[in-house]
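For reference, the chain that follows is the form predicted alone, supplied as structure tokens.
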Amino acid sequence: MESKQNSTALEGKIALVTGGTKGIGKAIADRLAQAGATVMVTARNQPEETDLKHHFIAADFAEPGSTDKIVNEISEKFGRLDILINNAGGLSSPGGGFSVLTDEHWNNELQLNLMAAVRLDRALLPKMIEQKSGVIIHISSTSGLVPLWEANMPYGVAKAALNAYSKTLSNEVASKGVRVLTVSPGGVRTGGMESFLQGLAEGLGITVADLTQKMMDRIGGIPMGRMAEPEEVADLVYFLVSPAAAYLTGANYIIDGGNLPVVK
């Protein structure tokens, strides 16, 4: 088996990872580059590190013009795109259920966790169809499958919509040479997860440890006894975009340490 350092399975491929400067996105960008891909990453702000490994595009998906900016830069610098990882997303609305959620909360979650991917796919798919090849991965969440009203109602709803959209899109473009897949992580040990737990714990007046245990109990526990590391999610994404997964499309791959309490 090839080592990560020596693998060249993605040699010559051009990849874009949105939200690719930290957490899961950074791990994915690094993993694709290890396999030989030329990687572009987007984020709202310039990363703190001065020696960037990947080509950086500043883009805020809350701004309507961000998609055009990304497409233009890809066209000017590379002329094509082979792999699109729609990883940008996040939870910005408060916990507490329906009564604390405004239209703005709902709209913000839908724009970031659904419509950002829809707009970027719409802009980049025509070129993939023209070249008769391409892979699109939507990074979703097990929250789209296991609703948690007290913690992330609109986020979970937006991710559920992303799951349905991804499956529908895969059916449309499979015959055109483009594969579309979904990856749904459970709890992942990232800085964003730590900040989310800290903020929610403060709002509830309990410790992060107590909140974490409460959340684990609420979703039935994690049989493997821990959260995933970002690199573990990245390894799954790498496999799905690699030639080894050439017959895979339309599926939602759960990576949650065995947590999901249903047969899917």
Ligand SMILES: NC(=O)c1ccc[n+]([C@@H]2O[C@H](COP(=O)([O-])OP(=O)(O)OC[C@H]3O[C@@H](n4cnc5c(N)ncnc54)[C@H](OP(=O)(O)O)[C@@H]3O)[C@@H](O)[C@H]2O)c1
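Keep in mind that what you see is a predicted model, and the values were worked out from it rather than measured. The numbering used is simple: start at 1 and walk along the sequence shown.
What comes next is about the form predicted together with this ligand, which is not displayed.
Only one segment in the set 155 to 163, 174 to 182, 76 to 84, 129 to 137 has residues whose heavy atoms sit within 4.5 Å of this ligand in the predicted bound form; it is 155 to 163.
Put simply, of V208, M216, A62, L52 only one has a heavy atom within 4.5 Å of this ligand in the predicted bound form, and it is A62. Among V146, L169, L125, L112, the residue placing a heavy atom within 4.5 Å of this ligand in the predicted bound form is L112.
None of the heavy atoms of L101 is located within 4.5 Å of this ligand in the predicted bound form. Among heavy atoms of T21, some come within 4.5 Å of this ligand in the predicted bound form.
This ligand is not drawn, but in the predicted bound form it has no heavy atom within 4.5 Å of K69. Contact annotation: V188 falls within 4.5 Å of this ligand in the predicted bound form, judged by heavy atom distances. Each of A43, A88 and G192 comes within 4.5 Å of this ligand in the predicted bound form, counting any heavy atom.
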